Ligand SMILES: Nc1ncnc2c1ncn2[C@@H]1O[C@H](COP(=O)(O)OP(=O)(O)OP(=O)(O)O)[C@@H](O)[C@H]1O
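We begin with a single chain expressed as structure tokens, specifically the form predicted on its own.
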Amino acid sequence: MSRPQIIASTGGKGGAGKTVFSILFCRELARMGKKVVLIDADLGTPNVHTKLGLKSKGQKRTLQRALAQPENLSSSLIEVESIGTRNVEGGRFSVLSSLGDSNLRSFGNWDDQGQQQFYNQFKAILDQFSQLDSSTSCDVVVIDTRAGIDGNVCDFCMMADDRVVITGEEDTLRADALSLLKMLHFYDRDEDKHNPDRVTANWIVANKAEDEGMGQSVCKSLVSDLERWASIRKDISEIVTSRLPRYLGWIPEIEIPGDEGTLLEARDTIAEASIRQLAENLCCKNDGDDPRQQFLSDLTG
């Protein structure tokens, strides 16, 4: 099996809509016939399972189990059955969640050695996706990070091929997205010294936007702020210039059903079309208009 595309869904500030995006993005990919796995990497307060109505009590299919036995990864995945009426043959949506694991919730208090061991095990899980047989194979892995701009968030983002930053028109959302991108550029600078051939792409998704114009405006504002910062910070300017984020798309405000476990039943024609377009742009196109391939081509010169 080939290595799946790994995408980090992040945003900095809590409330940006990151987890809602991650779930609905994966739903659309499954509807399009992709085999997708969503990993809840919010170790402190995981909530993907709550939004999907998965019960944590007595659950044996967990991230903790996968960390201990990456070679048995398929036995740790929870398949999400309800992905909508437009599902096509071959599509599959699975989840890998820390659920109610108290050990992972204390991750922030672990010493450096313990945290590094965790990251090594997590990378082993990502590597294992390439070894799954055809019945459990995976096309796309989405890592849903926690809110914030700390090292934990950046470490997960560094494992991804594509980093999708969820933000919005609100000043605090854009400020946190900007801080996150700045932090990632420092991580990129250090990582490039050891792995100069690595290629990562940064993308902006404008959430709760009124239309395409507002979405593009949010992205343009972030890029301008990064360029101004890079012109001052000469020590980082080359990395920033090579990885300036590009606009991926916009999402209108989505009305989420009030009952727990019903997020997959959310119905919004405009939102579904928007997210489907994002999924096509990032994971499904192979023609000359593919924005991801054009971005990667520009990065590699």
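The first residue of the shown sequence is 1; numbering continues from there. This one's a predicted model, so the numbers in the text were calculated from it and none came from an experiment.
The form predicted in complex with the named molecule is left out here; the points below concern that form.
J.: Identify, from the list 254, 43, 239, 54, the residue with a heavy atom within 4.5 Å of the named molecule in the model of the complex.
T.: Looking at the other structure, the residue within range turns out to be 254.
J.: Looking at 159, 147, 223, 214, which is the one with a non-hydrogen atom within 4.5 Å of the named molecule in the model of the complex?
T.: Contact check passes for 147.
J.: Considering only heavy atoms, tell me if residue 69 and the named molecule come within 4.5 Å of each other in the model of the complex.
T.: No - in the model of the complex, heavy atoms of residue 69 and the named molecule never come within 4.5 Å of each other.
J.: Does residue 284 reach the named molecule in the model of the complex if we count a contact as any heavy atom within 4.5 Å?
T.: Close contact is absent here: in the model of the complex, residue 284 is far from the named molecule, nothing within 4.5 Å, heavy atoms only.
J.: Please run the contact check for residue 182 against the named molecule in the model of the complex: heavy atoms, 4.5 angstroms, yes or no?
T.: Outside the cut-off, so no.
J.: Residue-level question: is residue 208 within 4.5 Å of the named molecule in the model of the complex, judged on heavy atoms?
T.: Residue 208 belongs to the contact set for the named molecule.
J.: Picking from 229-237, 61-69, 25-33, 45-53, which part of the chain touches the named molecule in the model of the complex when contact means heavy atoms within 4.5 Å?
T.: Only one stretch qualifies here: 45-53.
J.: Do any residues of 7-40 have a non-hydrogen atom within 4.5 angstroms of the named molecule in the model of the complex? If so, which ones, in sequence order?
T.: Heavy-atom contacts within 4.5 Å come from 13, 14, 15, 16, 17, 18, 19, 20.
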